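Given as structure tokens, the chain that follows is alone and in the form predicted alone.
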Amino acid sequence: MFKNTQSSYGLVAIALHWLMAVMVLGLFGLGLYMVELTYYDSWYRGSMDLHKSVGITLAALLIFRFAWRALGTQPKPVAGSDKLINAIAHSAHLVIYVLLLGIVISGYLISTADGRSIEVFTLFNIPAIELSVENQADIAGKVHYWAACSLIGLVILHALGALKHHFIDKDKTLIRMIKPLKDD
């Protein structure tokens, strides 16, 4: 029930998927909101602190997700699905992971460009690395923004693909990411 099987995702993978999806969408929305704020806006500092803290939490979940995926079984594509579509979907998942990595690394580089650590929910600090490059915050900021926009575009395609599986193909691709299914 907690672990993946050959035919379904387990509760851990399902929880990680949906929790990270909500976090990514929330961080994207908050990021778009933040760039419109000026230094004198009342929520300027608080929104950045929240964005950084949730971003670090997302990074930790991403690392855990990589470990969980590497150590566990991955469900096979549903029976009768097109091999080319499966290959495209697999590639899209890999690109999603690469974009997520790029986003969290660039976010870290933006936040620590001035040498200060990142305070996470006032509980602990993530230290800055000693290495810094000229215009680090600006370069990392561009990478962060474009990777986030690309990720959201891919997430929309991912969601549309899941809906296609459910409503047009009428297979269990979406259902098995909502609840664990019994092995056939």
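From a predicted model like this one, the values you see are computed outputs, not experimental measurements. In this text, residue numbers run from 1 along the sequence as written.
Form predicted together with a small molecule: not shown, discussed below.
Exercise. Which listed residue (Ala59, Met34, Val143, Val155) meets the criterion of a heavy atom within 4.5 Å of the small molecule in the model of the complex?
Worked result: By the 4.5 Å heavy-atom cutoff, the listed residue in contact is Val155.
For this session: Would you kindly say which of Ile63, Leu131, Ala159, Leu123 lies with a heavy atom within 4.5 Å of the small molecule in the model of the complex?
Result: Comparing distances to the small molecule in the model of the complex, the residue within 4.5 Å is Ala159.
Problem set entry | Stretch in contact in the model of the complex with the small molecule, which is absent here, among 114-122, 131-139, 40-48, 23-31 (heavy atoms within 4.5 Å) | Result for this chain: 23-31.
Problem set entry | Proximity of Leu174 to the small molecule in the model of the complex, heavy atoms at 4.5 Å | Leu174 belongs to the contact set for the small molecule.
Problem set entry | Close approach of Ile96 to the small molecule in the model of the complex, 4.5 Å, heavy atom | Judged by the heavy-atom cut-off of 4.5 Å, Ile96 is in contact with the small molecule in the model of the complex.
Exercise. At the 4.5 Å heavy atom threshold, is Ile168 in contact with the small molecule in the model of the complex?
Worked result: Ile168: no, not in contact with the small molecule in the model of the complex.
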